[in-house]
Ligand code: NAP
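First comes one chain, alone, set out as structure tokens in the form predicted alone.
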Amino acid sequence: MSIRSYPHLFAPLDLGFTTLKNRVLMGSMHTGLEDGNKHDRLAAYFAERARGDVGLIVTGGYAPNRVGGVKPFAGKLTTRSEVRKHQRVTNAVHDEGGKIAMQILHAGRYAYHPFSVAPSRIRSPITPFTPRELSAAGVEKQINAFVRCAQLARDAGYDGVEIMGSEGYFINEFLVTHTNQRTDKWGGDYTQRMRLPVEIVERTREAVGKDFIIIYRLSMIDLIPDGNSWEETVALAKAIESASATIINTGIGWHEARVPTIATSVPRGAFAWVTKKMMREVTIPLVTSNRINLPSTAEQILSDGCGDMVSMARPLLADPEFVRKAREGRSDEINVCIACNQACLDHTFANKMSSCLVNPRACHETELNYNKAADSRKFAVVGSGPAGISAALVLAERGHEVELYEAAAEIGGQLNMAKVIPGKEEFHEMLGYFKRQVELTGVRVNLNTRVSADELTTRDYDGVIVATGVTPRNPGIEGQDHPKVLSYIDVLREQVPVGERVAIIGAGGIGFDVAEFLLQDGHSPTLDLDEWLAEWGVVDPSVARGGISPRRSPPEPRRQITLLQRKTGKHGARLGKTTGWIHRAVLKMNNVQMIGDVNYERIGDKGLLISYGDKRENPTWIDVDHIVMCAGQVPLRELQEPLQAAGISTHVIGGADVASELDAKRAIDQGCRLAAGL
């Protein structure tokens, strides 16, 4: 396929005073590069995406003043000295032929610091700080800060700004009654409540002139109770258009909403229909967003009239050459975003630098590079899970000769179990990318081959990378060899039949995966948009305010499942911060019983005998058909010692190094970094 395969995606977009070369907008993401003096790293990061042919880049959010920052010392643009630093970024993007807009983000009551301000003194459910209520003069001061920030952005060389009016931040907080309880001209009926965003856009346009892009990020569907009605959202969009915005971008849901919006279990393009509703209401270009991770998906959305542009944020973390590859007919070479959130959003909420599970170079372009090696050497990589395959591909990219050994019949290791979990279908794309890269880089693959240390020592390798993964930990439970007992490998890989009553031992990531797999019994709501929307109570915002209604009662669960853990506290405590709640909600909706602080006494014909607490009180039999062991893993690295004893340069990575949970993020990062330095 080539550019002809995506005619809508690669059609130029004429904005009147400037033209975008295609319909791809790189959506705003908080990466951590916006904070502090990291402008050189930010320049390298954005330049790589501009070189990859993105039509328009939007930066992470910059505060227009101190109180608007998302956290202490968050990135801002308020002074002339900061303008000069930002020019490094804009110059780098323009040198690559790209265009870039700076997002102006005022956090409002979502700010994680004690100086936050908001329309009313109402604390958000996701921060510990109660905001100060602004006076009328204080509101004017915030508007002036937006305008001043936009002027400085223009001086810094940006092609435009995006005014962040969605996701529950400052501007959103003026629009709905449960966060705006004012009685002055900034509160009251909706005409008054929407005055703030309209004033910001009008005054910004007056300050920056006609030939400067102003994007307004509009909350198209709030996904919170008592959010905006559709009529209110349309009224705001029309007012923003009249205020001379250039583009309206789609925002989906407030951060406090209890509906997934960008996780991997969300169907692709799940909210494009909302933007399509707005297409008939305004004439300026509209951008649709959320879970668009393939050029074919983007093309279909545009051809269906769901928007004039598509916003893709994390897909351009995963592959900065996404757009160029699609244009050149190399879509099968795209490193696809799997929407896991593990290295991007989870890092952001942990106050860490963001990156990408499938592309550890993201946000680390100045330090992690795969330059050609001075001398080509010969390496063996044993194990083709995420660590091994990543190491093999980077070594080959750098010009080394690589031979990959895999005991199974296909590459991917435990990724091949992850891909069968409902809501994790994106792992098929990840595996497809690895297979294509093996072909392109010339890695020699030996499948169905359990290579020995003796064989490796006789093949003249300059080094061996041991990435043999993990094996299930022996939990040492009396009766664990009973016919009722299965391992997670039996269930997920071998597809052994499982009865209707199941106890799962271990409530980590694998335990949750097994529970969801058994609940759905091969069916995935992620592949059926209508079913998924109903499951989460998402409706047309013209039917219910905020587009949210009570969730439907789920059908009777296919199985009765009990998820057990030794620890006290919530189940899945180590799941990702931005996705763990989703998995817990799914199990709760399907009546999975979650029990903690238990001891596993023994397994027998009756099922599983458990007791509670240190005193082993209240012994109770759980009557089940099967017991699935998800009680952890241990490293599988029997090759290490004999190889080292033979004097072979040996490196152990991935689960073979550390088996705590199955951490693909750490495994891929470790494999790439090792290979980059060999």
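Start at 1 and count along the sequence shown; that's the residue number. These figures come from a predicted structure and were not determined experimentally.
The same protein also exists as the form predicted together with the named molecule; that form is not shown, yet it is the one meant from here on.
Novice: Heavy atoms within 4.5 Å of the named molecule in the predicted complex: which stretch in 374-382, 322-330, 150-158, 470-478 meets that?
Specialist: Among the candidates, contact is made by 470-478.
Novice: Considering non-hydrogen atoms and a 4.5 Å limit, which listed residue (V67, A47, L643, A631) is close to the named molecule in the predicted complex?
Specialist: None of the other options qualify; the answer is A631.
Novice: Looking at G546, G508, G412, P285 here, can you tell me which has any non-hydrogen atom within 4.5 angstroms of the named molecule in the predicted complex?
Specialist: Exactly one listed residue reaches within 4.5 Å, namely G508.
Novice: On the criterion of a non-hydrogen atom at 4.5 angstroms or closer, are K99, H255 and T348 all touching the named molecule in the predicted complex?
Specialist: No, none of K99, H255 and T348 comes within 4.5 Å of the named molecule in the predicted complex.
Novice: Quick one: does R574 come within 4.5 Å of the named molecule in the predicted complex, counting heavy atoms only?
Specialist: Yes, contact at 4.5 Å.
Novice: Does S166 reach the named molecule in the predicted complex if we count a contact as any heavy atom within 4.5 Å?
Specialist: Judged by the heavy-atom cut-off of 4.5 Å, S166 is well away from the named molecule in the predicted complex.
Novice: Would Y600 show up as a contact with the named molecule in the predicted complex if we use heavy atoms at 4.5 Å?
Specialist: Y600: yes, in contact with the named molecule in the predicted complex.
Novice: Although the partner isn't part of this model, could you tell me whether D513 comes within 4.5 Å of the named molecule in the predicted complex, counting any heavy atom of the residue?
Specialist: So D513 counts as contacting the named molecule.
Novice: Are there residues in 311-343 with a heavy atom within 4.5 Å of the named molecule in the predicted complex, and which are they, in order?
Specialist: Contacts from 311-343: just Q342.
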